[in-house]
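Shown next are two forms of a single protein chain, provided one at a time as structure tokens under the names structure 1 and structure 2.
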Structure 1
């Protein structure tokens, strides 16, 4: 009896915090999503069932935010993967001496040291119509007139996606570096004996060996990117005219600009459902690979 009690004594602060910071809030947000007339401080709600969900799912603005979020997440995952793997392969080259490798490794990790709001401000400086990127475009004759990277409806979503890719690849790179070092050299030797080319070694040894890392990174990154708020908020604020509106910024505006707490809770539940859906696959995948 006493033995059973001891671990829970150690866990009590954690259990309390998880209840207060996670269980109760999620229950609350679910409750709000089924109500109308929710005002945070003076609650006088009426039960409306699923009508908030019907309203949100037939709202074009919401659907655009959902499309933008999926675009950002999917393109970012692909971009992070390509850059992260390329940089990891460069750093893993056998001819590189350790000091050169260490220096380049620190430079490549740099974007990861900066927080999203600082990254947003930095890129606003670089991508300013009179900024350094447009200068490089004009001297290399890629563009005649200054490009409005963040305030053009056609470009803004691609631009914020690019910034997000720049900011996030180092995590992949570091994980792939560890993964590459774990691949047994015998596999490459055996491949070479069989006359495999460099491309074939990459295709049939490197990629399959990295597959578990690739899958888990991709899913985690997808979840994290669908949560991205700061970068969007500080670069475009979701604009111009909703061109970069994400589920997170859409929800934030509903709640804290329009005071539509019940609708905001509904979109918040949709984001949660999207994340948990991917998280279930993630956990199942981890279980399978650890068995």
Structure 2
């Protein structure tokens, strides 16, 4: 019995920190989601059961935020994959000399160097009606008048999605580049001997070898993007008229603008459930890969 408990004794400090920083806050938020009049209130909290969940799931504002979040996450994952794989294959090409590869690596990795707040400020300046993007479009006669990229209900969601793709593709690129460099050359040589074309080598050699990385990156990126807050808050704030409202900004406004902490806790639990749903598949994929 003593030998069995020794590992847990070594792990106890970490388990204590995880409990304090994760389990207890999650349990507290779940408790708030089942109550009414919590945190800032003159009356005692009252138990309302699943009423908050029914109210949130039938709220049009929440459903719009959910749709926007899913759009941002799905399109961002696809964009990150296409850009990351394209640039990784370019940097892995044997036709480029080492100096050229080094220059391109520095250029392509730049978005990953900036924090989300810097990226938001940078793109707000670039996409300002009097900014560089509108100026270049005017002198090239692509637009007759300045475009409200972040203030138009028709363009704002697509614009922040583009910014998020630009900011996140380097992570895919670095991961795919490491995966490409780990593929044995014997597989490509065997394919060439069998008469396979470049497209066939990519389809039947490159993609299958990168499949574990693709699945892992896609699931992690989806979870991370559904939690995106800083970029959205500092570019559009969820506007105009909730056109870019995400679950993260919706929860923040419920808690700290409307003081609806019970409903905000309910929304947070919905986000947690959505993330856990994807995380379960990620853990299963990692377990199958290790086996």
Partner chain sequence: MTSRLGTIHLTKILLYVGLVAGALFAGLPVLWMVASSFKSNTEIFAYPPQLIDDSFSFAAYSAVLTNPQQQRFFFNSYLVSFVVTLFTLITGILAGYAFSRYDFKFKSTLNLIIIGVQSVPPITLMIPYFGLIVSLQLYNSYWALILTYMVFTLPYAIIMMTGYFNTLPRDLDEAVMIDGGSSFIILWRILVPISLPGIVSVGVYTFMLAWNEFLFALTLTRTNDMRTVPVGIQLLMGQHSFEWNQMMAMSVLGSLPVLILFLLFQRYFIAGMSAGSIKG
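Residue numbers count along the first chain shown, from 1. Please read these numbers as outputs of a predicted model, since none were measured by experiment. Basically, rigid core = biggest C-alpha set you can superpose within 1.5 Å across the two forms.
S.K.: Between structure 1 and structure 2, which should be identified as the form predicted alone?
M.R.: Comparing the pair, one sees that structure 2 is the form predicted alone and the remaining one is not.
S.K.: Once everything's superposed on the core, is residue 13 shifted 2 Å or more at the Cα between the two structures?
M.R.: Shift of 2 Å or more: yes.
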